[in-house]
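To begin, one chain is listed below as structure tokens, in the form predicted on its own.
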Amino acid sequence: MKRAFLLIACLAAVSAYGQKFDQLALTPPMGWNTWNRFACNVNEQLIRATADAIVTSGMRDAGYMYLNIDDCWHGQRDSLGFIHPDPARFPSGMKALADYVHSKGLKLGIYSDAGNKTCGGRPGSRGHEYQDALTYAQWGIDYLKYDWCETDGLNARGAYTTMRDALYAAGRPIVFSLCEWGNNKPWEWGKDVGHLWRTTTDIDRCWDGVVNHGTWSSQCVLRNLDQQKGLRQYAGPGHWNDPDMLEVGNGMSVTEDRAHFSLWAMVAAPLIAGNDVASMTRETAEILTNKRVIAIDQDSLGIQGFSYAVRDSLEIWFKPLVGDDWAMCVVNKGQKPQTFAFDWKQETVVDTLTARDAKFGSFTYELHDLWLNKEIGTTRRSLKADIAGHDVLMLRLRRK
């Protein structure tokens, strides 16, 4: 009877005019996702244990709210077409799991695909969008990552708009993450469809280069970062460019993890961790919970940072912040240590997108090192610092 009622509601909802839920993701979403570390090896025990660890590790208090189950949670559709979770992996069901996650002060996310099958070969949502949206709402889902496998013949904007409308008709506010890898320039149309959109292929746990998987390739951190250039005008509160999830804690060096996290904060990227939270090292926890760096990402202006200059292996990024503050991040892309020198009065830092001018010749800024957590002087004197290979110098500039 319950399923029959949902089917009737589903048919009625198809004719409803849709839109995306506003007032969601006003800053880049923060959370955790199963895929980067566990891939298809997901079950309710993992989700419950991770929810516990997100709380005890301090990640929840640092802002990580969404606990997202990626691919391979699916079971089969019933005779009416409604999806069910894999009964062996999720014997208690998704509603009970959502209730547990919510009891921890967290939100639960789930995954589906616009095609006939997901990338992992499970049932996709094509032709079942309204049924799936109603099911997710009934379960208490808060976030949907929507992939792009098995989508031959589909128009990306149309397919994602259909699911947007279905989510809206279901009535539960759900953050909608568009994951079509940037193939169809979602930054040009995604603002009215979703809350974030992938701008790249999948990320991998490496610093630079491309990883060939045979039929497809993933990219290392710097490759995904470089693809954010030229897209900043499309990002802002409620609509974000997504260079893919974090690989912090998944095998890169501590310096690379620190740089990766810093650069994602500079480009106002969603901060979706993907490590084994329950067994992470102290260094990984300190990176993921650095509230000073997180504050750069979560700045309420919602302005994506920009690359200011490249000098040898050093690239300099700036990001305007609230209250006339700025963030500055200098990344050493090379392996060898580099000495960085910056004469503030000789530099003209202007954000052409927002017309913000730092005016270092007219104003003095206090410099706070966000990783050392200490004041290192002001812009009255030139800055000089040694930056290790694959590492960053990250500062908050506070105008006096």
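For every residue, the number given is its place in the sequence shown, counted from 1. All of these numbers come straight from a predicted model, not from anything done at the bench.
What comes next is about the form predicted together with ligand GLA, which is not displayed.
Interface residue among K319, K145, H260, H195 relative to ligand GLA in the predicted complex, by the heavy atom within 4.5 Å criterion: K145. Listed residues F342, Y64, F360, W35 were compared with ligand GLA in the predicted complex; W35 is the one with a heavy atom within 4.5 Å. Only one segment in the set 269-277, 136-144, 173-181, 220-228 has any non-hydrogen atom within 4.5 angstroms of ligand GLA in the predicted complex, and it is 173-181. For the candidate spot formed by D208, E256 and P337, no residue has a non-hydrogen atom within 4.5 angstroms of ligand GLA in the predicted complex. In the predicted complex, no heavy atom of L314 sits within 4.5 Å of ligand GLA. Although the partner is absent here, D70 lies within 4.5 Å of ligand GLA in the predicted complex, judged by heavy atoms. When contacts are judged by a 4.5 Å heavy atom cut-off, G81 does not count as touching ligand GLA in the predicted complex. Contact between Y160 and ligand GLA in the predicted complex is not found at the 4.5 Å heavy atom cutoff.
Residues from 315-352 do not approach ligand GLA in the predicted complex: none has a non-hydrogen atom within 4.5 Å of it.
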